[in-house]
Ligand SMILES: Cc1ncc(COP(=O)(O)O)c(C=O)c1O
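The chain below stands alone and is given as structure tokens, in the form predicted alone.
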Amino acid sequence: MVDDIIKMIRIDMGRFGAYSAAKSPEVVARKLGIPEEDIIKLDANENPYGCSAKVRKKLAEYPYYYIYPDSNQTELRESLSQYVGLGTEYLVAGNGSDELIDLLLRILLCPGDEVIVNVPTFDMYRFSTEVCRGKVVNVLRRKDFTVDVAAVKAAITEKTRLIFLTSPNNPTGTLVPEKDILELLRTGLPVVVDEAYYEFCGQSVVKLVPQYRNLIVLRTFSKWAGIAGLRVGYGIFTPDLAHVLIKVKPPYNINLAAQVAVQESIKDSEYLLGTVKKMTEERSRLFGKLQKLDFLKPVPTQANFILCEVLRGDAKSIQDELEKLGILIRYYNTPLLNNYIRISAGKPAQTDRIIAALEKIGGKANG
């Protein structure tokens, strides 16, 4: 009998790399000794305008939180159907799109099966593949961060079970053209197109799902609808695959508050898409100002964030200096993104504050 549970953990978990999540504003505020409302959070690509006022009102008035939510997501899927334009039989919601990624890999992978990921990209694909005992096959993007379709096809083996595409891609903001997606669909392998930032670019392949049994599209309410804290993502699948996912998902994976928030968000989508328009306009303004800083090189983007190469100085030091001022951003110092920072699009005053801070940091570097 083993008397130490740690010795029973899978050996491969010893090499497992955790997902690097965004920092909590309340923790940073406490550390700096400043009010939480003074923190500028531009590190997780959230909507700084928050949820719809109708969502807040409905959540406050809702009387049935003591009842378990509908496991079949009946009303939720009906609301999603109105927003997406496909029948409820194509739709399944998850506790964030992260849960749907995990569920897909659990039902498709056996130990040692391969998943193709176009790097650099969203790290949850790697995270969930390794948890499910699959093997990640990394295919490098081109220098402009576009997907190298020929390289993806060359990486396919008899063990390949899934190809992940992200459009726009996180953290680069680059799109995958529909012709490239179609070319990879013709391989016959399941292709997941993660459209988490769809609302910021307007390009989607959802309409192709009824035509291609191997196409899966993922989306989320975290980025555009201002309810990241309630954790709701959804997927568009062929009806037979959606049926399997409904069976294997946890029974009550979408809590009642989240279901209410999604339904009200869809009803008030005109307002929310108005805030998206403000963010895309601010993204353009931020990009123009970043271009004027001689120590940063911003990457063209179709999402609600901007990736910047640090031409002079150190990405981690820039992140640290900004955090001291109550401004949160992401930084990358990896072989694939050596010395990069990523800044979410925020409100105009937030743009002004971070640019002023970066100008001071650049001035110090020049000195």
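The numbering used is simple: start at 1 and walk along the sequence shown. Source: prediction; values computed, not measured.
The same protein has a further form, the form predicted in complex with this ligand, not shown here; the description that follows concerns it.
Contact annotation: of the candidates T129, N118, T220, Q73, the single residue with a non-hydrogen atom within 4.5 angstroms of this ligand in the model of the complex is T220. With the partner omitted from this view, the residue of G173, G134, G96, G235 that lies near this ligand in the model of the complex is G96 [heavy atom within 4.5 Å].
Heavy atoms within 4.5 Å of this ligand in the model of the complex belong, among the stretches 202-210, 110-118, 221-229, 277-285, to residues of 221-229.
When this ligand is considered in the model of the complex, A196 lines it closely, a heavy atom lying within 4.5 Å. Looking at Y125, you'd find a heavy atom of it within 4.5 angstroms of this ligand in the model of the complex. Using a 4.5 angstroms threshold between heavy atoms, T166 counts as touching this ligand in the model of the complex.
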